[in-house]
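We give structure tokens for two forms of one protein chain below, kept apart as structure 1 and structure 2.
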Structure 1
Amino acid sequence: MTDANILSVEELTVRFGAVTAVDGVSLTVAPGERVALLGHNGAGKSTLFKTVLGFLKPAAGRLSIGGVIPGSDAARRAVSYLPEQVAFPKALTGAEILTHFARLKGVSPKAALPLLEVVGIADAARRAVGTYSKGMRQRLGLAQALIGAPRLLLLDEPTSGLDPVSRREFYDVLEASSRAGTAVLLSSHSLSEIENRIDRIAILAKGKLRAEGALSDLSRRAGLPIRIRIEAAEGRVEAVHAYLGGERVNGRSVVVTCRAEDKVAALARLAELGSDVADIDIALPDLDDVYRHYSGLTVEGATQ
């Protein structure tokens, strides 16, 4: 392992009695990198988070945060955590909450309070948290997590309760933090939401790391097909189908699939149809496709 990574996990195993919740997982997160931790309920994501935070002790393997062990004073200063369900004292105001956590982290409240503006709730700073909506509480949670410019952010379903506009603003804040050097490890079930907002993907299933890498790399490794939908010119769908094969759709279109390495050849073949083609739509494998593929693997690597 290297201390150049903010988070370094090597062959980590965590057990609860006879149950192995995390099984030999190795993973790194570098400064400024955004990594999505994906997996079904019970896959081991929360257990991994709790181990990073120092709440659980591994049965085997190693884990370090910037070269120090989880739970140490240095690790606590380096890591911030935002759970799916944030809870703050309802009688305190947003400004009081941020002031309290700033003092706990040894940060000047004056330096922390501008974070309310960053997350978009500065106008509610003097209101009691009990009057906040769920989305506002989640924004306050993000502000609290950003106090002191942590080196690593752990985010567990962080956009739960946020509307689409607020979600986009949330990820804008995360992007700014990552550009400033903060590493982000993000757990989410909203695959389409995070697809273009992360650098790498790590997929857990039954406690094991099934796949890790950039979306394009995982898609290529899996051999997932590209889907091409061809809208035929009026009265030419039969000719297009006869030439290309594939599947007829809606009486006007034909759908064919090809491997990524055959895409150029497939498009060249389409060009030969000339005016018989009215339109073309190309759909590359998305994060949902990649996740379904890898999370459906058995321990030995065969599909279930």
Structure 2
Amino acid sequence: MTDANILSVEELTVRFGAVTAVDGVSLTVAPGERVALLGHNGAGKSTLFKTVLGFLKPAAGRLSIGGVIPGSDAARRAVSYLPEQVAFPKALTGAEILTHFARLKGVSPKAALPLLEVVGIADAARRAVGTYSKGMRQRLGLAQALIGAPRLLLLDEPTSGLDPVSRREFYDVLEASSRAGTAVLLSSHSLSEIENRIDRIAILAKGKLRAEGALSDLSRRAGLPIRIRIEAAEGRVEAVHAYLGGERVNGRSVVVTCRAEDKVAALARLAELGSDVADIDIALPDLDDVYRHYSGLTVEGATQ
């Protein structure tokens, strides 16, 4: 394969016995591109990563790391990995762990140690990892993955356990390395933290790729309705419901939905109700609704 992508996955299927964890997934990542893999628990995200690393053999489909097969020497040199759960030896210091992995990757420790500064734990470099907080251990894991400026970074739920400030710093670091040409494929459960920090997203559900593209496109294509919740005045909920239709919720309220372009018309209709309305609440579809839409879950969370 002679394409420009550092990662290309074609019609990939991975099985564990009777369970099909990844089912006919196609995906590409170009150098310098940041792609997020979203999916519910058990969607197949980690399985996809492990297959890209060559730990699992595909049942069908093709995989290429910039033209070489996963798990080969060249592929291992090109790819860096941060697993979703990793516990470094507690008795070693951050600097020792980074030195260890730098040597394994054939990078001089001198070149790798400044990465502790990059991820913001340089102060703790000479302390045992056993004394690190969860976020610091996560940062050390990221520093380990950044060693040697890999061509492809595979990060499995790298921001779980990070506070909002740390998350922002984390994405800043990713942005810097992607600008230097590193391709990033990361997995996450939440679309909202990824907004503006990622070029493209791919949504997996039950092993299948449900949607793929830039976030703004996906959100437009989803065409999700706006929800208007009207709280009726004392004793007037029947009248409001009879007039607007929609759905009655907890005694005094009515919920109606409309498309984005009908919003103004819907509000005008509401105004005609006058003092029958005690309060109005408008909910625009948020990113998590977009995610639920594509992953085959309704906004209420039930499977369609």
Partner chain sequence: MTGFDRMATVATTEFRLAFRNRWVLLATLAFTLFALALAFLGSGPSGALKADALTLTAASLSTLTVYLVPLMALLVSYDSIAGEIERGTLALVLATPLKRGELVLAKFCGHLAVLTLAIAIGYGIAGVVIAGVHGADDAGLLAWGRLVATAVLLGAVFIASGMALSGLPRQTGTAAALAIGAWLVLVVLYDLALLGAVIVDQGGVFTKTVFPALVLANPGDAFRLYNLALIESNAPIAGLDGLAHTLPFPVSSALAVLVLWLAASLAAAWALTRRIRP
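The first residue in the sequence of structure 1 is number 1, and each one after it adds one. Heads up, when I say rigid core I mean the largest set of C-alphas that superpose within 1.5 Å between the two forms. Remember, predicted model here, so these are calculated numbers, not experimental data.
As summarised for this chain, the first structure is the form predicted on its own, and the second is not. In a rigid-core overlay of the protein, Leu38 has its C-alpha displaced by under 2 Å between structure 1 and structure 2.
Once the rigid core is used as the reference frame, the Cα position of Leu244 differs between structure 1 and structure 2 by 2 Å or more. With the core superposed, Leu27 shows a C-alpha displacement below 2 Å between structure 1 and structure 2.
When the rigid core is fitted, Leu287 shows a C-alpha shift of 2.7 Å between structure 1 and structure 2. Once the two forms are overlaid on the core, Ala232 shows a Cα shift of 17.5 Å between structure 1 and structure 2.
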